[in-house]
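One chain is shown next in structure tokens, namely the form predicted alone.
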């Protein structure tokens, strides 16, 4: 399998989310749609590297990030995007920017938990880290058929070594970049949750 884009995917992800975290932690804390969707797009290849178990997540995530990138041409901030959908009474409609943002946030959360589990797990298998991340983030929102398909796909996951090779990383640098992403993505995910909760939209639909 060829290396993803031949360069440091994990570093690009970590650096982009550090910038978003800085926005979130600033006094204005108004995250713009364009840099957000750009940072999220760097995560897309990672789903592809995980193989068939996360194929559904990759397709869904890539489509939703693409929608947010399109939205960024017309809407400046995530705040404005949610308010626009609320005014249009289309928050929960399939294809709404707000619904897509919630799905993208879930994808980011899955990767964050996956990295946490990889960092905490000995050995070369990704089955436990990926299973735990899926169970925590995606499984509550999926029906029986998807959960069963994902469970079957877990046996086709790459090993940690194979994943690092696909991402063009050695283990030492990968550990650092995973730690950086976990640290930076936490505040960004929390920020998105607060956008929804402050408008009483909920985050479990």
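Residue numbers count along the first chain shown, from 1. None of the values given here were measured: they were computed from a predicted structure.
The form predicted together with a small molecule is left out here; the points below concern that form.
Using a 4.5 angstroms threshold between heavy atoms, residue 166 stays clear of the small molecule in the model of the complex. Contact annotation for residue 42: none of its heavy atoms lies within 4.5 Å of the small molecule in the model of the complex. The small molecule is not shown here, but in the model of the complex it comes within 4.5 Å of a heavy atom of residue 54. The shortest heavy atom separation between residue 49 and the small molecule in the model of the complex exceeds 4.5 Å. Listed residues 69, 175, 62, 146 were compared with the small molecule in the model of the complex; 146 is the one with a heavy atom within 4.5 Å. Proximity to the small molecule in the model of the complex holds for all of 103, 110 and 138, with the criterion being a heavy atom within 4.5 Å.
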